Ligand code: 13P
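For reference, the chain that follows is the form predicted alone, supplied as structure tokens.
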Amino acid sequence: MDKEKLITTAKTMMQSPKGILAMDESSPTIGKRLGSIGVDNNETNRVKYRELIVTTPKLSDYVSGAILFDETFHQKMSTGILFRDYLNSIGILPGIKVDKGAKDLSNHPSEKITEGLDGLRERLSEYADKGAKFCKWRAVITIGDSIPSTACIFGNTHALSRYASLCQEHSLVPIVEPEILINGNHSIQACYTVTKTVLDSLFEQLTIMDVFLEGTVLKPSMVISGTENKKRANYDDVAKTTIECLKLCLPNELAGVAFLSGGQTDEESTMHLNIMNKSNKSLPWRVTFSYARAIQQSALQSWLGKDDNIKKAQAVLADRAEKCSLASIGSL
């Protein structure tokens, strides 16, 4: 573990006024995105779409790092340049999603456990050798009747801590992502309780595994009402409750926080982040974004798979990225 390298990378990832772009959709997930606009899910179209994203003018003004899927990490753009090399050339750190997805948790209906620890050390060695600077692992926690269970929380936070330790062994900054799903009719208070329990468990496990927190980035969900709740909390309440939860659970030495958008609308994801930063000027860690759909979705709808729409789609994407950037410093 090179602690100085980890600190340098984490500071670059967390530099103001930027955030992290999540463009690490698996092949099935990107297939759903492309299918929503009537575009076939083949490698040619995946390259074309992701090239549209990374070549968006001024993207590096708003984005410090980009999380890639394995295919994209090893893939060349139409110019013959590897995506990871192109990102480096424009000042965006290339990162890599390394988990193998959320699978059914045995003996626990409706709950998931993220797999991918087997062989991870060897995969991380290859990614580091090829220029990856950071990694991401996503756990999935569902709020429902009698869930999440202790088994689900412990199993996922333990896996996150083992992944983080392996990353740092290769001087790769781990993004740890314990996503509390927004689906359901739960209240913001229920979300707060679950989020606090999950974060407490996560940082206990990270401590047990001797994970270097100054070289670790947290990618949490916001504390928010379920999408089916008929009395959803407003922007101010979400921002206030989320920050309260983070202050209670997060060690000061943590490198930073980069929220997932997690099914929020574009407006919700930026307004919540903006209020957090506008109302809290002296937090011990930077609070920014690591969004996927909240940056990409409107651009995807503008593109529709047509070359003539690329510049229009890039303008939409740049606008979304800029708004997220402004929200990350409370200036939206």
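Quick note: we count residues from 1 along the sequence shown, nothing fancier. Keep in mind that what you see is a predicted model, and the values were worked out from it rather than measured.
Keep in mind that the form predicted together with the named molecule is missing from the display, and what follows is about it.
The chain is drawn here without the named molecule; in the predicted complex, the stretch among 35 to 43, 54 to 62, 303 to 311, 288 to 296 whose residues come within 4.5 Å of it by any heavy atom is 288 to 296. Contact check for I224: every heavy atom lies farther than 4.5 Å from the named molecule in the predicted complex. Among residues of the shown chain, S261 is one whose heavy atoms approach the named molecule to within 4.5 Å in the predicted complex. In the predicted complex, at least one heavy atom of R138 sits within 4.5 Å of the named molecule. Among residues of the shown chain, A22 is one whose heavy atoms approach the named molecule to within 4.5 Å in the predicted complex.
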